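Okay, so here's just one chain, in C-alpha cells, the form predicted on its own.
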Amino acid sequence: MNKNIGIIGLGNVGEAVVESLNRYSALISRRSSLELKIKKVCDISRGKKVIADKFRLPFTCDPYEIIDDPQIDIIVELIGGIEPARTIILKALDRRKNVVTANKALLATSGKHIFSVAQKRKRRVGFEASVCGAIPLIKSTSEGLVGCEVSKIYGILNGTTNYILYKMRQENIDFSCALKEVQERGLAEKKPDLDIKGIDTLHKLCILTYLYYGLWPDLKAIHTEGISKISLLDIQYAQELEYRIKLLAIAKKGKSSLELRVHPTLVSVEHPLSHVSLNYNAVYYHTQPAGELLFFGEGAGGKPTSASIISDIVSIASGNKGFVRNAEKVRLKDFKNVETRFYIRCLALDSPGVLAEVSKILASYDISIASVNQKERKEGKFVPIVMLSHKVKEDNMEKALKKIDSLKVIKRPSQIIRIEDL
C-alpha cells in the first residue's frame, strides 16, 4: 500500500523525520507492508531548501501547496506554536487529510476543537510525539491499558528542568549557573520561560488528562509552578532528608473529582522517579488491575521524537482507528482543597522563642510538624530552619506562610515545596 506524506516544518524534528523515513523506509515496509513516500516538504525559511535538496525532495514555502495537493494522504505539522499551526491543521482536516503533530502547546489550548473537527471529517490526528518524545504513551494507553483504571499519574515531562535540577545536585551549583550550562549545551532556549516556569509541563499534563480521563482542562484552572525559586540550599537539605526535587505533573482521580497540578516536588530516593537524571522523561502510573507502571525514555530531541511521528504515520496509513476518549464525569478539584505534606524552609533570627512563635502560627492553621532541622547557630543573625509537615490543606499552608513571613524575626520569603509519598 502506497501513502504520500507532506511535511510542514523543517526544524530539528522535521529534518529528523525526513532523515528517519529515508533511512528506515525498507524496515518500515517489511514490518507494515506500507510504501511511505514523502511527496513534498515545506518551511517558511527558504534556507531550509538545502534539507530538501539533500534528500531530493520537492520544496515549497507555501503550506497550502501541500494542504491542497490531492495526492498527499497524511500531513505532518512540525512548525510549533499556536498560529499558523492551528489554521494549517484545521484546513488540512477540512481537505480530508489525516494529520500528525508534535505540537503540545496547540493541543493543550485547542485540542478539544481540533479533535471535534477530526471526528466530524472522519479523519485522524496522531499526537504520540506531543508528550515525552519517543515514549509510546498513547499507544500504550489506547491498546495496552484499554482495560485499566488509571488513578494516579506522576510525570517528569520536561527534560530541560530535570537536567537543571540534576546539575544543581551533582555539581553543587545554584539555579542560574545550572541554567547557563544547560543553555550552552543547547538543551535550553535563550528564553527558557516555557520550561523553567512549568508551562511546557502544564501543556503535556493537559494532553495526558485527555488521554486518561477524556477532558481538555482549562490551563488557568491548573496550579503551575516552575523551578526558578529552587535554591541550592533546598537541593542540599532535600538530599540530607533522603529526597530529591523533581518538577512533577500530577493527576489524581477520585470518585467524582480530578486533581491536577504542576510544581517542584520532593520524591523519596527510594522511588525510581527520583533517579531519572539528565534530560530524560518518565511517567509513573497507579492503575487497576495492572498495578504500578513506569515509562522511561528520551523525551525530546529530533531523532527520538521522529520515532513517535513515524509510529503515528504508520498507524494512520494502516487504517487503524483513531484515539477517541469520551469525557468522564469528574470535576476539577479546587487547588485550595488539595492536601499534601510540605517541606518548609524559613530564614529565622537566631534568638530565643522564634521557633515557638513559628510553631504557634502553624498550629493555629491545623498544621502538624513531623520534624524540625536547625543545623546552624549564629546568635542574632538569620539562619535556616527546615520543617516537614504532615498532610495539610493548601489553603491552610498559604495562610500560615503569609502570617509567618509577616514576622519581623523572619527574612521573607519562606520556601515551601510539596512532598509526594509515591
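Given the structure is predicted, the values throughout are model-derived calculations rather than measurements. Start at 1 with the first residue shown and count on from there.
Just so you know, the form predicted in complex with a further copy of the same chain exists too; it's not on screen, but the next bit is about it.
The contact with a further copy of the same chain in the predicted complex, taken as any heavy atom within 4.5 Å, belongs to S33 out of S364, S33, N373, S45. Contact with a further copy of the same chain in the predicted complex, defined as a heavy atom within 4.5 Å, holds for exactly one of L241, A105, C148, V117, namely C148. None of 348 to 356, 131 to 139, 258 to 266, 181 to 189 except one has non-hydrogen atoms within 4.5 angstroms of a further copy of the same chain in the predicted complex; the exception is 131 to 139. Interface membership of G291, defined by any non-hydrogen atom within 4.5 Å of a further copy of the same chain in the predicted complex, is confirmed. Contact check for K321: a heavy atom falls within 4.5 Å of a further copy of the same chain in the predicted complex.
In the predicted complex, a further copy of the same chain lies farther than 4.5 Å from every heavy atom of V50. Remark: C61 does not count among the residues lining a further copy of the same chain in the predicted complex, judged by a heavy atom distance of 4.5 Å or less. Contact residues in stretch 34 to 56 (any heavy atom within 4.5 Å of a further copy of the same chain, taken in the predicted complex) are absent; none meets the cut-off.
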